[in-house]
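There is one chain below, alone, in structure tokens, taken in the form predicted alone.
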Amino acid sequence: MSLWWTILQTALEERLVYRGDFALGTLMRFLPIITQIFLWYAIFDSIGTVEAKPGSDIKAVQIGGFGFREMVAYYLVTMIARAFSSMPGLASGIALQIRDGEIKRYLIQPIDLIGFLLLNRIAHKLAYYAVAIAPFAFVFFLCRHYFVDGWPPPHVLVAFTASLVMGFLIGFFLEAAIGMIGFWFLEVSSLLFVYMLFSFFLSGHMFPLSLLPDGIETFVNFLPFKYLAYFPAAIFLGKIPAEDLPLEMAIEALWLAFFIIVCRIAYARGVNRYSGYGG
């Protein structure tokens, strides 16, 4: 525990030193929300004009169970979820260490590769939110009127927080498992590109999954991608029925356990077939 705490503390300190751009960078990430607001306003307004009853307004229109204000709130919450679950450079970094032979140091030193990378990612997220919490609070304060029902009840906030933590771990172990493919193939960038493409659409980062046709939505709900963005946002906005929430949380925990096992097996088998040469 002392070793792991030292690694975490060192990783956190170095990130706080050289990542002073977090605050400005985080604030700039919210700028596309302005475009989304205008886009969805136009969509809801056109549907309201064509289909709504005379005298009704945009507030009465819903698409996929989301009203206009809820749609904007959804995008704001998914920004938080994706900040937790995204792992830029993790898979490609693992594959590069395998290809360049840097993986050897984890085979001769008493440090586990997966544990070391996990602690570095935890330090990264802690540093990110320690600095970026002010821009997040500022943007959410400005957009507070989009959250129609205000703050959810305490038990929903607990479930929301737990879904964010599990989403972070699922994102980590899923991408780490992709990186372990580097033990068998020299390059994983193509596989990573395919994963990122599917993740972008099927995680709900681009649009709520409830907008999908029924048959496709049912299929997508069986995949783990929704836990990276859509599921936390749906919890926060009350789109998950209370009676379904425990089961959905259990399924997310099972997906997490699955990817931990897959990552560990891939690493163990990869090390067994790895050959390192030279001094």
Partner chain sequence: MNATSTESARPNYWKVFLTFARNSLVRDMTFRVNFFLQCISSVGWTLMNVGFYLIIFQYADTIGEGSGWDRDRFFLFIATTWFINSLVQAFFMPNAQEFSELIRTGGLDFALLKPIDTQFLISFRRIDWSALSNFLAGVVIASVSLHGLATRETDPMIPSFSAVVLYLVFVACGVTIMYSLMICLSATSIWLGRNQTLYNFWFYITNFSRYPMEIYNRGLGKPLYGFFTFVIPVLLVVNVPARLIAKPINPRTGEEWMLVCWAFVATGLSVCVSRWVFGRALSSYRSASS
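Residue numbers count along the first chain shown, from 1. Predicted, not measured: the structure shown is a model, and the values here were computed from it.
The next section is about a form of this same protein that is not shown, the form predicted in complex with its partner chain.
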>> Taking its partner chain in the predicted bound form, would P153, L157 and A242 all count as contacting it (heavy atom within 4.5 Å)?
In response: no
> Any of the heavy atoms of S210 lying within 4.5 Å of its partner chain in the predicted bound form?
Replying inline: yes
>> Considering non-hydrogen atoms and a 4.5 Å limit, does its partner chain approach F66 in the predicted bound form?
In response: no
> Though only this chain appears here, would L197 touch its partner chain in the predicted bound form if you measure heavy atom gaps against 4.5 Å?
Replying inline: yes
>> Although the partner isn't part of this model, could you tell me whether V148 comes within 4.5 Å of its partner chain in the predicted bound form, counting any heavy atom of the residue?
In response: no
> in the predicted bound form, which of 231-239, 244-252, 39-47, 218-226 comes within 4.5 Å of its partner chain (heavy atoms)?
Replying inline: 39-47
> Among the candidate residues I133, M206, I122, C143, which is the single one with a non-hydrogen atom no more than 4.5 Å from its partner chain in the predicted bound form?
Replying inline: M206
